[in-house]
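Below you'll find only one chain, the form predicted on its own, shown as structure tokens.
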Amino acid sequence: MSIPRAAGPESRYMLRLTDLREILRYIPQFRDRVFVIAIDGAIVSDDNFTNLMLDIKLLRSLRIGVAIVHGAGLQIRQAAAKEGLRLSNSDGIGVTDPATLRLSIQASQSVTHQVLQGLADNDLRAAATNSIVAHPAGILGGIDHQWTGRLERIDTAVLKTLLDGDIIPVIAPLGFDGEGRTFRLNSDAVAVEVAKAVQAVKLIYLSAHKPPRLNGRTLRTLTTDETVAILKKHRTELQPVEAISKLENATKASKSSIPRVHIIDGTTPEGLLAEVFSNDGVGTLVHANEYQSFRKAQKKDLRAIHALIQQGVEADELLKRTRADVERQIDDFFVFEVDKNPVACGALHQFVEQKKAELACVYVDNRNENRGIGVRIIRYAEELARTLGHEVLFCLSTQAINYFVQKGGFQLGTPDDLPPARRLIYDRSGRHSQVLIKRL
């Protein structure tokens, strides 16, 4: 299932922000979820930085959690020029000698302060963190990288405590080893690890240059596989060169269950909101290949689907269905594959006259739990229901109520929210399942 994004001039998208309905349509998907926003150091020095702080204030007002990772490349280069020093490396990937480390720490502290100040000016609470644990990168290719670090882990508890307290974590590209040593890191790579740690639904790179282009054409929407192929076959043709790091890390993020990675020109007024709250967007979207992992069920899948449902029945999570029941509704079913083996299933039953659809028979094989597949099933069903013209998605649950509310964005409903035909079946079952609804 492709994600429609136009390829016209960026100015077209600014107009969509005046349409409040366009914004409201996205809010249920993102409420109480987390965005990780990675800000290049150059953006902090740009005139649009003040507007970006206002945009972040809007996101927070919509109950969208935000964690900020920032770079400091521009500030490091400026400090080196002022002192007449030659940097050993400017992007946190190559060798970091003592002088470059010193400038990196000073520049990072300065940028952190500017971000904190910008947030404070908008009445947003924030805190700088030392949540990155790092060790020396060591000798790579026969070269000692000295004070360049290798990220070991993120102190997830610290970040989640801040986010739960409505405090925005601000993370600099510096890592600590707990023994008094500080290491320099690449901010693009740090952003990926932070996004994974807080289970972000979006990772947004705000760069100081135009989105990635190939042969003069802006790359609007890419799957993970398409991005990997472009980096492999057309790396030297990509412009600007600074975008290559963003694309590389976008693939790492999308392979690590971050559904959407956006690369935006952070100097564009309202660019952040235009990208987040419209189908068209203004930047480059790299999305995980989850839709390619889903496919419509076929008769050959009957045995696997029935086996999955049986697991749910035994756990008292699903209503019992015979293999014949599944076969009669096979056109409603879809499966999620890992290595071409169905490991999860779901069904979308349509009630066309009421423009409602039911997400049913959702089950993930026990061996594939805690991999984010359940959330992917919900998102897939949402997109499918929207494509089919439905306005409401509903489901019934006895044990996974909190999951559908917290992870899927559903709201508690009542049996009166069900289509008449479905209400009859509900009343006859006697299960008294909780009705959950989500407006599309």
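Just so we're on the same page, rigid core means the largest C-alpha set that superposes within 1.5 Å between forms. Being a predicted model, the structure only gives us computed values, none of them experimental. Sequential numbering from 1, following the sequence displayed.
Unshown form predicted in complex with a small molecule; subsequent notes refer to it.
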| item | value |
| --- | --- |
| Contact residue in the model of the complex, from Gly374, Gly409, Gly65, Gly41 (heavy atom within 4.5 Å of the small molecule) | Gly374 |
| The small molecule: the contacting residue among Tyr26, Phe49, Tyr380, Tyr403 in the model of the complex [heavy atom, 4.5 Å] | Tyr403 |
| In the model of the complex, segment of 243 to 251, 258 to 266, 81 to 89, 312 to 320 with a heavy atom within 4.5 Å of the small molecule | 312 to 320 |
| Partner proximity in the model of the complex: Asp325 to the small molecule, non-hydrogen atom cutoff 4.5 Å | no |
| Interface membership of Trp147, the small molecule in the model of the complex, 4.5 Å heavy atom rule | no |
| Arg386: touches the small molecule in the model of the complex, heavy atom cutoff 4.5 angstroms | no |
| The small molecule contact in the model of the complex: Leu396, any heavy atom under 4.5 Å | yes |
| Rigid-core frame, C-alpha of Val201, shift of 2 angstroms or more between the shown form and the other one | no |
| Large Cα shift (2 Å or above) at Asn122 between the shown form and the other one, core-fitted | no |
| Core-aligned C-alpha movement of Ser256 between the shown form and the other one, 2 Å or more | no |
| Shift in CA distance, Ile401 and Ala157, in the model of the complex relative to the form shown here, given it is 3 Å or more | farther |
